[in-house]
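Laid out below as structure tokens are two forms of one and the same protein chain, each shown alone and named structure 1 and structure 2.
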Structure 1
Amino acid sequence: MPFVSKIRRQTDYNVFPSSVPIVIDNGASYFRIGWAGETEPRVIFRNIVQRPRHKATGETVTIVGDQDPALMKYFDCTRSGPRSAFDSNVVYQFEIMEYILDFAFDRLGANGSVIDHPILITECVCNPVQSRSKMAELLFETYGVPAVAFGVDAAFSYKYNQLHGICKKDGIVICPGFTTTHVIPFVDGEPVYKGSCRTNIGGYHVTDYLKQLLSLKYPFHSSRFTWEKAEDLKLEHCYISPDYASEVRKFQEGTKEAEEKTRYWQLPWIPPPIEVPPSEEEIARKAAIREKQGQRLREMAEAKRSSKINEMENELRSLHFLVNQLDQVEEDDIPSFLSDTGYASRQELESTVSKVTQSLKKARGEPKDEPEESEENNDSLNNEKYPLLNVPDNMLTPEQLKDKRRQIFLKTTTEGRLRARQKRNEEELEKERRNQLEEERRRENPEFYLEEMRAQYKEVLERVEQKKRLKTNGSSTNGNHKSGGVGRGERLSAAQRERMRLLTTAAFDRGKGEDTFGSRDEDWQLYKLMSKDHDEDDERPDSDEAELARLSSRLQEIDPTFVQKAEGESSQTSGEAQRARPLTEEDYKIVIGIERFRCPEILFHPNLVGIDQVGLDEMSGASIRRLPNGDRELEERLTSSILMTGGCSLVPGMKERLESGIRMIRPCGSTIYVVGAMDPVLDAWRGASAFAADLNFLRNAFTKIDYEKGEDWLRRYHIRYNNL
């Protein structure tokens, strides 16, 4: 990892005399501070500030850079995420900048009353004066520094590499940074800002792109893709393809090379517990428990029954006793005797006796004494049972007439019942016969029979579904609109709509013309139609549905592969089915294939993320075109010394891609030489450190008196890099 924080507090601050400048590389992603003349910065941290609330004391505290996440539990960070002082590559929030400088100077070991050292701090190319003056104000007013110098990080990096012979005094520096990418041409060892070029794309966008792509690809795991994780993945896996189109084709065709290039990130996955089938003992134990419970219930029921029988026997006994007594009582005393017992007449008493006897028999489980078979030979009985049936009406008294009518009714109902039973028996026989027939056919040719059954099933199913669709207005013909997207009119079935139509015509059309409603009897049928929803059609399964049920049950018996189609299931999409199945290890595997080179590709084609500017390779061409004169020799010299620096130039494959990209836009035969900086991340600081260590440094710096000359002066302020 090229980015390492170094935040140990330094103890040798007082060793340095006040003439030694402090050098700060104030990058949008990392902040580096150290002493002029040294090769390594003393303190390095991520250029962010958090201002959480300390949970125990309630104070708002300042935390700078990345800190141990384990310690963050003492803070309430809900209202303060990490904040940066940068908008794009310009410092705009000087409150945050102040916290960062506080932390930096504190860690450098500063303990005097002011920072009594000149300061060299980096800024972006053509930093707006407002930002520059605010920074100077902060340094002069708050920290009391004696002198300040501003320089450009990419330029320092180029100068440092020039010092070490990596690049020449004429050349181009390409610096893809965190939020922006700069290209600056150098002529005679001085940067020519006139020819510089900035595209607002950098490592931040690459990481963000990766993060968003992965969280959209794996919505279940989107919480896993934090900024830090995406940054790690980018540093570890991203590379730049020599040619995006051909590289992506390899992946599209699934070649072996693509397979090798695909990386996997297995998220921790715990397999769901496997259900162990219960052992024999377990089953036996459970059965025993169930048996025991059943036994207890049976005993309880038995006890209840016997007590009930007992009760009824007692009642019967007392009733018999009453009847016996009644027999002995004189005829005249009967009413008075009965009034004591609560029965109105002797008949009532007797009927109660018979009722109780009946229920007692039933309780004991004895058969009813109504013989069923009596109906078989009822023809002979008819005369006895219905004696009045064959007697002419005129020979009967009115009471007998009433009796006769009752007898006729009874006779017809019994006969009807009998006929129905016969019919049922016949049907059963018929069914049996059909089943036998089918069974025979099946035995003859099982394969053919099964086929036939399936075809039949399908046909009937279709017919039933067709009918259903018609009933529900045919809106679901393509099965797509089963859920959602159903308009108001589509909600009603055909019958319901008909009813609505009737209601509205009845409500609004009555007044028109001559009102003839009610002149015909059929008119009144209207109310019948209106009053119900005609849903009873749905209740009663029609013949097709019965046939369908029969076929499916039959198929279930003989066809092991048969799956009954549940209603509405036919339109289920495969996506829903996937969600239903239990998650497997595969679901927790993050595949990073095309993303490996798709994300850094935005450096060369910023329009992939909606930034309409030229990419890295074209930038150098644009930069050369911005130079004042068409000096071919100078251009040749420039392209033969192209230095890549900045964090993003560490992505593998950058050099090759840049070289081929620049070759495409430069005239044929130009020398193109791209070289990487010795350390793309730290060279800027090292260059600045070397620059500040020079004795002439103070001539490039300015004091508070200069600063007070005003913004116009500050705008024209530039350091001369050729000190080195």
Structure 2
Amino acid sequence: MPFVSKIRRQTDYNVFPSSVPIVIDNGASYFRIGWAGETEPRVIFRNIVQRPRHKATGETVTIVGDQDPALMKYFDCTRSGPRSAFDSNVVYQFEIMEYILDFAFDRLGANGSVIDHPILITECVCNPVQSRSKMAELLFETYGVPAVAFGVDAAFSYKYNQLHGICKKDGIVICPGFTTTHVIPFVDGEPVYKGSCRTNIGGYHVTDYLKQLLSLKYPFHSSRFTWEKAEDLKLEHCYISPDYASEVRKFQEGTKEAEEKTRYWQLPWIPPPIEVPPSEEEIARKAAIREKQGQRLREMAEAKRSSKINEMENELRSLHFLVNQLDQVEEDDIPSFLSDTGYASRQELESTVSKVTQSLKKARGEPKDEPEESEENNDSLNNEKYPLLNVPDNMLTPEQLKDKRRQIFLKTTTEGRLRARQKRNEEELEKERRNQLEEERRRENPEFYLEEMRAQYKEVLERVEQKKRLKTNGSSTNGNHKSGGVGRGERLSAAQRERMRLLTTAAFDRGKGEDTFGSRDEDWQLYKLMSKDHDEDDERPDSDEAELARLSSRLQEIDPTFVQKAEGESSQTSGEAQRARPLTEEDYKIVIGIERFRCPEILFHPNLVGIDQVGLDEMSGASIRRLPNGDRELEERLTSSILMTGGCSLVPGMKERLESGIRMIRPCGSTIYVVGAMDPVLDAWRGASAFAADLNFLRNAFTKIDYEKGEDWLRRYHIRYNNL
């Protein structure tokens, strides 16, 4: 199984005899391993395992400990995140624990599969016997360890500092660790586990809380707030305030002291490129290109127009030729001649000639013929096309009456189309005339014309928005309804409300007794009233919207700075437009103010993150009350020697806050003395190393034979720290 890590492998494993124990500080955050009697562990790495796949080969690789970014870029980590063998402070994933031990023994220099050295490994306070049994089984069965000893990390740290005169034989050790916090009282140099306390909060929760606060505060940069970066920010900037409420008040009021305590983290920012306006040469070049393209389009249009005129001239010559030929044909041969040419009568041929002539004049730009002549031609054509229109009905057979009705319908439809076409032509002429007048006004005074158009656009836009608001919110103005909080009836139009009133009236009138609706003629009048549209009709096109579209199109032509309002956008500046602004250098500046002391405050008030447990100061009082005898002198001795150990005890302000918190729960005049460990991170391993270096160490260890006695024996097992 391949391993990847930044930890260098040791080479002096065979120098140590088999009687020298191996000391392991198995913490939830870091794993430390070394030899007994030394002051520093040989190998330290993160107590995590990750199993990604190689991007090139697809092979699954086991990565233990710290992840080197230079190597991680070759692996696909999307499906495999970092995993820990711990749940809170208890080992429960022994498959992961085996990977970690393999890696640790390999980096320590072990070559074979058997570890022939006794092992002292740390555990949490009151570790469950199942976890202790599994760990012993893993060491005995997998690695062939001759003897194993378990000890509490916080107890080793307290005894190590006691040897150096930092604390006394009677005292309390407070150990805020990675995921849990423990408080253990010591009496005559031995830990009293019956008085110990545990809270499920530690440095991991502080880091995670800081990460969440910064991600919510700066959502644009949430991807930059990784757990590792939040850990660095916590170690560099966080502190514990002496009085949380007063410290928060300082930041709320924005005092000078709060400004001095605020820290800034500037993220990399690249200014956006400055848009340089095009030069005169560039503008002239683009104008020349547009003119060239326009000339090409005009030439293509002229060529197409000339081709169309030629086609119509050829068609007109052929039609004149047919007319001349028709004049030379005798009356009896005219029907056969017309059938060969595809025309039904002479009038149809002459009508086609007239139409082609008019189209040719229109294409050439010449004026059309007088309307009287065209109307006479149309009348003659109608008489030829609809011969039964002027014949009385009493002179027609039933079949001819049907044909006459059909001809009347066709004539009416055709005339309606002609009238609609004429109306459209008149509207186009009116529109063209109005555009010409507006263009003349614009040329006379362009600035005044532009301001007038903008004012008209704003006025029409307000009317359209007002209509939309009335349609959505209704016309109620009594102050009881606001936008978005109206009933369905107020959102209906006037016509729809009238229909609803008629329906409810009919239902009320017919709601009792037998339903006889429809038996009388006046009942059916209700349907006519319901189907009749009133003054306000939703389907009717709105003239204001058409005018708004016309003004928008006109402003886009004459005003290059005009931006049309999007549908549903208010005339005022919307929040979306504000959020869409480009990010500046100020947006890339991370301000860490109240977060500096708000995050570590959860060690004293876990309820800030939803954990209903007590804080560090209250844990000390609870631990003292759990002691078997309520001796006041013993309590005084305990509170006069309080040791802080563990990674979170390095947060500035921890000592002062603990002293003030414990003083509030102790009787007046009690001696309170809190001291920090020499090295809160490594003192647990150093204390275990000193304990394992003692000649009596093997008396506190047990072998595989002792382990096979059962879990009851293993539950009663504990070492004597007075040997240290």
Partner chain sequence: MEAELVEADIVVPMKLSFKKIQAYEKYPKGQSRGRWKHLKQILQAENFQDYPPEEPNYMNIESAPSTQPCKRICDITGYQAPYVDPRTNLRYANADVFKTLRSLSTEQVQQYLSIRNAAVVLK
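Start at 1 and count along the sequence of structure 1; that gives the residue numbers used here. In this text the structure is predicted, and so the values were computed from the model without any measurement. Only the largest set of C-alpha atoms that superpose within 1.5 Å between the two forms is called the rigid core.
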Next on the checklist: If I had to pick the form predicted in complex with the partner chain out of these two, would it be 1 or 2?
Outcome noted: 1
Checklist entry - For Ala245, is the C-alpha shift between structure 1 and structure 2 2 Å or more after core superposition? => result no
Checklist entry - Does Ile115 show a Cα shift reaching 2 Å between structure 1 and structure 2 after rigid-core superposition? => result no
Checklist entry - Is Leu139 one of the residues whose C-alpha moves 2 Å or more between structure 1 and structure 2 after the core fit? => result no
Next on the checklist: So with the rigid core superposed, the C-alpha of Pro278 shifts by how many Å between structure 1 and structure 2?
Outcome noted: 3.1
